[in-house]
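First comes one chain, alone, set out as structure tokens in the form predicted on its own.
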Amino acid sequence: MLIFPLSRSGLAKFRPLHRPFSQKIISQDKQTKPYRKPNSPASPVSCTSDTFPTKCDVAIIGGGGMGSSTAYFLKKKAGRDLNVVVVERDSAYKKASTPLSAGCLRQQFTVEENVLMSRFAAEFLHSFRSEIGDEVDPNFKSYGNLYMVDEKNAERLAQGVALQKQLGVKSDLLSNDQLKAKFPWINPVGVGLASYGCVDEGWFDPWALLTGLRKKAQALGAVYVDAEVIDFEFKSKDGAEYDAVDKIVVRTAKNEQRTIEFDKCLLSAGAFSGELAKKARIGTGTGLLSTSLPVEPKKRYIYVINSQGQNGPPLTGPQVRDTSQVYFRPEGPNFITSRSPPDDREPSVDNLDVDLDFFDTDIWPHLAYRFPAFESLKVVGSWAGYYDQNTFDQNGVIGKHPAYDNFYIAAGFSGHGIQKVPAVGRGMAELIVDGRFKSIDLSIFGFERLIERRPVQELAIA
């Protein structure tokens, strides 16, 4: 437990503090776990040699948020006539990105489709118990989202809010004086403009979201298999330029190698989707298969802090993002905080250990400057998780791969995917069953943009 008492006299004067003990790295087994585990997901299906699903209509690689959401919406849409198999290698979800995320929901994006996906997420969370059942509550805290920028980014923020208002988002712009009046616990120096979304923005329990989606999908007949996809098998198609993807090759929990034949396959393996895509010849072939899926893991830390100062943020206050891209929000009796590191200081993804020095040098000084109550605080816990980072444009890749008529992708959401889980799952179910997006047209996020080098210009991504 760390205690940081200090007086604020300008950010430049903050320096890393002497640590009262030598430990700088917290290994995963000693970390504080996220405070959001009311129930464990349903146990994975234990398949024997007689019951192992060797064939299915739709195979989903990855049973986290995106995979389980797609499984649920597929079964809801098509019923028991559609055989859905979900393959998940981390059945306890110890390293899965979904339950380790901060669970934030904001509608303050600058691309229409991103705004609409978040709006549907809020709608889905409000109706979660009637839609999914009373057993699990995602505990949606609609306490708002406050987004601050410096002067040079003020015009961009104002343009984003104008779009959001057109789409029905309740967000307001706050001048420096208005910011100080509404949130007296903020030091507004250096803030050019702020936007405050006060309706259907906040955070929720991502573990409960995953739990509910998975249990409901299973109740509707989806089969979850505890195994790791290690390869694909292909078959030739007369007159076709590319072989068809025909089977996934898996290694089961009992270290047996099996295959599952499918009509259609969805790759939604989160941070590790890029490597699996290569096994489907994406990025290693010719023509349409010469472009890789630019998704790779990025490790991010989340620190749990307790304010010791006066005039602090209320525990019913909004999530707040500073001009420095440090964010924090309430979490029970405490707060959680994080930021992404500079590109030249990306931590190793070999493990999920937490670096406490990063808090000292890259987070705490900004917290203490912008929010004086955080000059004196305790770090009472921490954990780490993976972003599925799309290195091309930091937006998800959603849709069917153009070289295949049966291979779909939902990956690369770069840290803002948790709030898109309901909309992407619904959209993928529409695309797989109906052949097109019906509720929200997500074709802007298709793989074709990678081939044609057309990045989606979402300006509200840290």
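Just so we're clear, the structure is a prediction, and the values are computed from it rather than from any experiment. Each residue number is its position in the shown sequence, starting from 1.
Although it is not shown, the form predicted in complex with a small molecule is what the next lines describe.
Contact annotation: residue 163 falls outside 4.5 Å of the small molecule in the predicted bound form, judged by heavy atom distances. Residue contact check for residue 387: one or more of its heavy atoms lie within 4.5 Å of the small molecule in the predicted bound form.
Contact between residue 359 and the small molecule in the predicted bound form is not found at the 4.5 Å heavy atom cutoff. Among heavy atoms of residue 353, none comes within 4.5 Å of the small molecule in the predicted bound form.
When the small molecule is considered in the predicted bound form, only one residue from 392, 242, 124, 93 comes within 4.5 Å through any heavy atom, namely 93. When the small molecule is considered in the predicted bound form, only one residue from 276, 363, 146, 305 comes within 4.5 Å through any heavy atom, namely 276.
Of the candidate stretches 130-138, 369-377, 172-180, 103-111, only 103-111 contains residues with a heavy atom within 4.5 Å of the small molecule in the predicted bound form. Residues 70, 427 and 429 are none of them found to lie within 4.5 Å of the small molecule in the predicted bound form, as judged by heavy atom distances.
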